[in-house]
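One chain comes next, on its own, written as structure tokens: the form predicted on its own.
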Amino acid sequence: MSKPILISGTQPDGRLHLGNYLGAIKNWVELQNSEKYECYFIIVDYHSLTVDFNPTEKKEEVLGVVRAYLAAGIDPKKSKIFVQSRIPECTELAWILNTITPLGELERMTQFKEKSENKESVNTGLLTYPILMAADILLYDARFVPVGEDQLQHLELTRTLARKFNNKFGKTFIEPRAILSKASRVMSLDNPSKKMSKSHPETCLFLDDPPKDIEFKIKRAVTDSGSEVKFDLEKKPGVSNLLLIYEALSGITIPKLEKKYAGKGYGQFKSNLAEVAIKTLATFRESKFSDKKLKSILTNGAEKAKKIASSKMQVIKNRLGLRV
């Protein structure tokens, strides 16, 4: 009996950071190793074109994502790893889904409203981003999609489009279900009300940061009034963010951390957190996969994904009457 397909992806739009790892990739490795799913992990390079980018850096950014996948523990023998743009069927399906998606559905997406707020000009890709995401999911008959809470609205649109297409043209797509990430969102080291972002590198822990940078950034991280290491998102958001990071990296629960640092103040807490982060992220700094090896993995993954995507598109086009 075949395993249900699970799919997710990462944009190659710069160096990956701790939020990418704790919020997604670490969870993917656990799902892969559970052996319950057939896993597809995509580098969604078309999605990354919706923000400013440097074409000369894009290839290295793609390889950087694959390198991070492998360093984290994603195994190309267990999972399919490939680049979105190598599978033209995804954009074919995205166009088809465009034709059954009401404009209002896209305009009400929270992420679109946030990214377009107070901007005079917004590219259409930001608006149609969820449709391309839906195409990536539906094209491979994915049953499960690991997502954070901020992507649930997009996944619900995917389910809606699958249902709408099926009702109109006959049973074609599976309605995918979410697997919510177990990790909390990693917030900025200087502003715990905002997500950690590579656009503010001085407050972001990159996976390949050298030890001295990790230590410097953590020691400068915002804490709160007083000196008690206690989890309280409302009254102590800075320390609470660091506690969440410490728990995720070390596996030590927050109550145990609170007990460990009772009466010891922020200095020792931050110093120990830096040590844990440096040790955990060593695998990313020391990753030595050659570009040739990475490209070979992507080629093999694309060949396997292409067969599935091509077969699915034949079914879709038959449903639409496009095969004469």
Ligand code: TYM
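Note that residue numbering follows the sequence shown and begins at 1. This structure is a prediction, so every number in the text was calculated from the model and none was measured. Here, rigid core means the biggest group of C-alpha atoms that superpose within 1.5 Å across both forms.
Beyond what is shown, the protein has a form predicted in complex with ligand TYM; the following relates to that form.
This chain is displayed alone, yet in the predicted complex one of 26, 47, 67, 270 has a heavy atom within 4.5 Å of ligand TYM; that residue is 47. Exactly one listed residue, out of 174, 205, 74, 147, brings a non-hydrogen atom to within 4.5 Å of ligand TYM in the predicted complex: 147. From the list 164 to 172, 231 to 239, 95 to 103, 149 to 157, the contact stretch for ligand TYM in the predicted complex under a 4.5 Å heavy atom rule is 149 to 157. Residues 20, 129 and 133 are all found to lie within 4.5 Å of ligand TYM in the predicted complex, as judged by heavy atom distances. In the predicted complex, none of the heavy atoms of residue 301 sits within 4.5 Å of a heavy atom of ligand TYM.
Ligand TYM in the predicted complex comes within 4.5 Å of a heavy atom belonging to residue 7. In the predicted complex, ligand TYM sits beyond 4.5 Å of every heavy atom of residue 139. None of the heavy atoms of residue 243 is located within 4.5 Å of ligand TYM in the predicted complex.
Shown in the overlay between the shown form and the other one, fitted on the rigid core, is a CA shift at residue 210 smaller than 2 Å. Residue 92 is not among the residues whose C-alpha shifts by 2 Å or more between the shown form and the other one once the rigid core is aligned; its shift stays under 2 Å. For residue 249, a C-alpha deviation below 2 angstroms is recorded between the shown form and the other one after rigid-core alignment.
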